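Single chain ahead, by itself, as structure tokens, in the form predicted alone.
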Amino acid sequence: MSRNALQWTQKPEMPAGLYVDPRIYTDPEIFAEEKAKIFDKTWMIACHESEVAEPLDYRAYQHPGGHNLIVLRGEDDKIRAFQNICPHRGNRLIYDVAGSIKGSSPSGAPDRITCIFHAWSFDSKGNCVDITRRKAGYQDRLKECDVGLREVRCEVGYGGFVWVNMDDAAMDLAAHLAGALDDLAPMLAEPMEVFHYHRAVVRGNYKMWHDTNSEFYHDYMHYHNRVTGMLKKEYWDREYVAYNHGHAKLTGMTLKYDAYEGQEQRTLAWPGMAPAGWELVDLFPGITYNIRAPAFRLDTSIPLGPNLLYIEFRGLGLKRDTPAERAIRIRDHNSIWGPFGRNLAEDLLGTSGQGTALNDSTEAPYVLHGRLEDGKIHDEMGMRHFLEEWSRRMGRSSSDPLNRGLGLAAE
């Protein structure tokens, strides 16, 4: 039955770990703390190596901690990441989203990152190679070797993705992943390239999007998923597997695409998978590997505020694809996950609807994460596992983030 105002604000009679306080999605102080305690200390995917395919190619990245970065393939073919800041006056060095420094710029010579403000120049390893009129202005008080760019930790792996970490003292990438991508190794072994990129701007919190990727109870939203997956017994046998550091994997299945009117069953596979196979891994704090043969989708979240985020979507194929195979992968990816695909708009609608409704955290006293189905596909353990890691890193209980009585032990 419906509830009055007092009844509406009462907490549910269940353990605190099965629900969260909505202020974890909306509070500006909590969001500022997340940038320092989570995003600045965690490995994030900035781009794919195919997006900086040639020496001196670069790709800009807006880091979730609030930093502007440059991912640059050096003349030695090594990919590095730098803060996009000139050490002279703090000006932005590169303004374009992507490009190459092979050619000369309006303010500098070829093969250099040159600041448009005062023409200081840097090579592809981040070394300062020219300070205009240095001796006239600085004499011997400042030399090029004193003012190199701030290099950010960078590793390339797990499908050719470029990972960055702002924390020089953080654990290495393999330790952070804690084996969460090990089962996908056969699927990530071959060289890939990005064939589709788009970015959605969503009124919502980054955790709302990751929540959506971390549970499949919302498959009732997707007619396509209901008929191609939920009608199969195999769907209900899928299980969540939790890994250290907040990561979770959902075991795979084979979809029945021809159950959807007008579609045929897939015949083109993905390495290590059967045609129409499906594998998914969610990585803390906002990355999803989603391989649904014959295409691979990668999601990365970039929060702009407590209730606003970018979501980057990349579709990938194999470098060895024939033109016919690539056309199939592109068609399959875009028909399901492109901006006008069958599934993605529905997921975004769910997240933006939650973000709009919970923008005022007093509107709802709690958000439930309490489905317990023995770790099967509609169990919400993926969200709970994520929030356990969130609580550990933040020093706040997700059920009681302002520490009003429940405490971390309740998690």
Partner chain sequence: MSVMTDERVSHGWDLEQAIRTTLYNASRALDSETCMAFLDWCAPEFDYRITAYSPEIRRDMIWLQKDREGMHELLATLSKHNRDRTPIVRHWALQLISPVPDENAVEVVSSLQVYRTAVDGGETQLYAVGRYFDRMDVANDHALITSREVRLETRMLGTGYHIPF
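Every value quoted in this text rests on a predicted model; they were computed, and no experiment measured them. Residue numbers count along the first chain shown, from 1.
Quick note: we don't show the form predicted together with its partner chain, though the next part is all about it.
In summary, among the residues M44, L348, M381, L358, the only one with a non-hydrogen atom within 4.5 Å of its partner chain in the predicted complex is L348. When its partner chain is considered in the predicted complex, only one residue from R59, H385, H63, H369 comes within 4.5 Å through any heavy atom, namely R59. Contact here is defined as any heavy atom lying within 4.5 Å of its partner chain in the predicted complex, and by that definition not a single one of V156, W163 and Y289 is a contact residue. Though the partner is left out of this view, F340 does reach within 4.5 Å of its partner chain in the predicted complex, counting heavy atoms only. Mapping the unseen interface onto this chain, S352 counts among the residues with a heavy atom inside 4.5 Å of its partner chain in the predicted complex.
Using a 4.5 Å cutoff between non-hydrogen atoms, H224 counts as a contact of its partner chain in the predicted complex.
The closest heavy atom approach of K78 to its partner chain in the predicted complex falls outside 4.5 Å.
Note that among 143-151, 267-275, 323-331, 164-172, the stretch whose heavy atoms approach its partner chain to within 4.5 Å in the predicted complex is 323-331. With contact defined as any non-hydrogen atom lying within 4.5 angstroms of its partner chain in the predicted complex, the contacting residues in 174-210 are E193, V194, F195, H196, Y197, H198, R199, A200, V201, given in sequence order.
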